[in-house]
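Listed next as structure tokens: two forms of one protein chain, kept apart as structure 1 and structure 2.
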Structure 1
């Protein structure tokens, strides 16, 4: 008897409840390989391509273009070996029934519950999988938030404890121009480690979050076991200062869309909802002023303000960098020695455009 492999609606966001099947890249009867891109999915946050969970024949497309289905719903069936039509029909019926029952009995996912700790009079929001060893804190980039880890946290949580805070003036944390600098953010992360009694942690930082991770490692080396840096600031000198300043000052949909597409190699990943969410965030009281101040700490004279390559070389560090990065050029890592650097076929968002590679390294 052959193997039946289910293709399901992925969970790509902490708040994602459903997704839309945009278009199948393959057809029924096609032979496909594990990891091959097979179907385009759109959520209210981002558009992306789902990779095949296994190798075999795409025997049945269950959900067609335009259908909106909840997370974990069956959208296709792959077979590896001989399987009858009756077996496939029974499998689809069984999986649909199991998904319906799971939706009724599902317990709240801790990764969907925002928590808060107080630091210097600010409310710092974060998410925490709570269970597991080897705590990993995920640090977002300039203008981002904890939800930027939508392709990573759920994949990592079964194997280790994962946490993701919003920096001040980002996400749901308190807006504060007084605390708008990478060094202030590093102090916040150090305080988080202490308050939650995490002991030694690993840090993964994207872009500005990479710089913050390097600063935590420099200021509190005993608290950091290893670093994973994703297109990090704080390495080398080159930076797209026009993007940084432009994002800090942008206040219209058109301005933000023109900036957002620079983040991805695949420009189609930028959705209307993504731009709308950015605009909503930028118009929060005090955010613009805080980001302008923060931008001024990230670069000077068109170059990065700090090069902490020596910190990366002082402890176990892995760097992932997109070859098509338009914000922080991959050439920034040219002078690094003794650090494992992996260049990927993506832009400035390796944890989104190459999530499987990053998750595998982090223990997912």
Structure 2
């Protein structure tokens, strides 16, 4: 192997813990001299230009514009040009492993990191606890996002691998009116299982996420082990269509607050911050249109569009339902036989309002 020179995040001043790579002044493959200005770095206090630690060819840019990295992290590799790409990759991996080992005490909690995979040209954001067997994918409801599982993921992660994506047009995933139906979301989940090589997974779905889980099970039965459905759509036909359409169209604090209180048995759970966060989400370009379209696929004439009770009966399924649910009434499961249904003293959010019960069932 030829000679390798590391370009690392500098430490400018005592308080600097991390820096942002603003812009590379040179490109991959450029020949550079020791002392030459190669990359602009920004800290919270200062923006400055980093000089090259050695001469050679900048063979690999590891950290690109906009990335934030801790002091001493590898941002690029300079070589004499005689190093193969495989050797570079191995070197970067080795460096990352060393950095990870060094930072083991302050390694960020994976549950606080938003990861991304690409599906049909969209960026799908997700949380992945990474460690553990027996993967469980958590599917949020209409207008929700991966953070709806804030009371569940940390409880489950020590015992199994947990993942939680943002559906398209939800959370931090790309907004797309072309992919705005439960069936499209089911295809996304199926692709996620393949891309992350998860094998067979368990699914837990809340509300519309329950419908999506049922669709994944119907379309790709081999990929799904057990289902846990929380106040699911897709079971029975009753639905509070006024809530769904109202949420899709709401664009003020007051409208959203009046809707959000319908989600909980205890109305005090709706905070100003919760409404503010919903408003931030609703303001994103295209979200309103995507949700209006999605709402149209969920119900017609005041009834749910699709009853997938037979899918729930075809594999191990557990359903939790709040007796005070104002969105999807618990009476939806009245005709359901052969499925374990547990009714809880809560509203439309069993995973939030009765997190302990749900977590216990899921292995937390």
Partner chain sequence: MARMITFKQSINEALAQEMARDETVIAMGEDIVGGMGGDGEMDAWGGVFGFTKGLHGQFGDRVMDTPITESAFIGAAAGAAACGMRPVAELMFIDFMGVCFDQIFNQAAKFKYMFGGKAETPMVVRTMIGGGLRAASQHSQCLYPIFTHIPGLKVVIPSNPYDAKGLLIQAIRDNDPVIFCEHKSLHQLEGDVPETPYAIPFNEANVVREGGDVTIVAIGFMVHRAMEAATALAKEGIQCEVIDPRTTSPLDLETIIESVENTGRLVVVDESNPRCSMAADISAQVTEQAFGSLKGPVRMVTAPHCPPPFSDVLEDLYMPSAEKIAEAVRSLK
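Remember, it's a predicted structure, so these values are computed and weren't measured experimentally. We call the rigid core whatever largest set of C-alpha positions still superposes within 1.5 Å between the two forms. Positions refer to the first chain, counted from 1.
- Each of the two structures shows the same chain on its own, and it is structure 2 that derives from the form predicted together with the partner chain.
- For residue 339, a C-alpha deviation below 2 angstroms is recorded between structures 1 and 2 after rigid-core alignment.
- Core-aligned CA deviation for residue 84 between structures 1 and 2: 2 Å or greater.
- Core-superposed comparison between structures 1 and 2: the Cα of residue 32 travels 2 Å or more.
- Taking the core as reference, the C-alpha deviation of residue 94 between structures 1 and 2 is 38.2 Å.
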